[in-house]
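First comes one chain, alone, set out as structure tokens in the form predicted on its own.
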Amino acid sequence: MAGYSTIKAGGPAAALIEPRSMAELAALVRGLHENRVKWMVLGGGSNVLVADEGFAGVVLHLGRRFGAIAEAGGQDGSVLVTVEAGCSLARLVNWCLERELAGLEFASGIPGSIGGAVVMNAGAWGREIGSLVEKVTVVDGDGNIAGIEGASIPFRYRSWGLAEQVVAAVTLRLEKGRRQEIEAACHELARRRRGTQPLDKPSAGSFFKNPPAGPAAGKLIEDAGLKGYRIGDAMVSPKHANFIVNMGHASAADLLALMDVVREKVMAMSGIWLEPEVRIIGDRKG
């Protein structure tokens, strides 16, 4: 699964299937459920780490072939945009820029897919994707397709608050804007991101959630003296301490061992136990 992860590490899955339509996705989920086959959904792979032992099940990979974008109405200066879950945030931001639609500028430079962004309630610079969601089309564990209004989704920090449902498509409410202003905002936020994050090395993005109170995770890790700390090819980035980067050939075991060291040292220093923002998939040995 290393090839499907932005951190470029991880063991194999038993099988990987790429559905090309919502009907295919629903049929696959229904069949896997009826046959009691273990399965999971993967989008852009920017917030996951599969253990070296792998995933003993089927991965439903929602990629470019599951990434259609279309306007879906709107009024009073707002525009509704419906996008399938496999569409990358980068492609969606560019699509909105071409049509002078504002609201997603904060997502410029965030890796991953729109489906994963909704499930994680991805955010940056004080904004979160949940604030733009008008509706989410989901597939439940039995393969049924349904729509959930955005107002009824209990979005919270790095979670949409729901489980056992697959995000198949998202409808966002955006605003008409001016291309020059939207483009300038995207460029400025991309510049800030390049200046503060190790974008030149494979990573899973921010590795730990920020605690509900007190210093941010990156500050806690830095204060623990862990910038540059390394196990094998897994390293705490000297540029931003909440990024664990792959320096070349890091195994998932290296990355997870480094995660454990970081949590233990931060706990010893501050009394705060950091929770991973990255989803750990599969069973670890040891």
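Given the structure is predicted, the values throughout are model-derived calculations rather than measurements. Counting begins at 1, following the sequence as shown.
Below, we turn to the form predicted together with a small molecule, even though it does not appear here.
- Of the candidates 143, 150, 103, 205, 205 is the one whose heavy atoms come within 4.5 Å of the small molecule in the predicted bound form; the others do not.
- The contact with the small molecule in the predicted bound form, taken as any heavy atom within 4.5 Å, belongs to 41 out of 51, 41, 217, 250.
- The chain is drawn here without the small molecule; in the predicted bound form, the stretch among 173 to 181, 74 to 82, 114 to 122, 91 to 99 whose residues come within 4.5 Å of it by any heavy atom is 114 to 122.
- Contact here is defined as any heavy atom lying within 4.5 Å of the small molecule in the predicted bound form, and by that definition each of 62, 166 and 199 is a contact residue.
- For the chain shown alone, residue 185 is not a contact residue for the small molecule in the predicted bound form, no non-hydrogen atom being within 4.5 angstroms.
- Residue contact check for residue 242: none of its heavy atoms lie within 4.5 Å of the small molecule in the predicted bound form.
- Although the partner is absent here, residue 132 lies well away from the small molecule in the predicted bound form, with no heavy atom inside 4.5 Å.
- Under a 4.5 angstroms non-hydrogen atom cutoff, the small molecule in the predicted bound form lacks residue 246 among its neighbouring residues.
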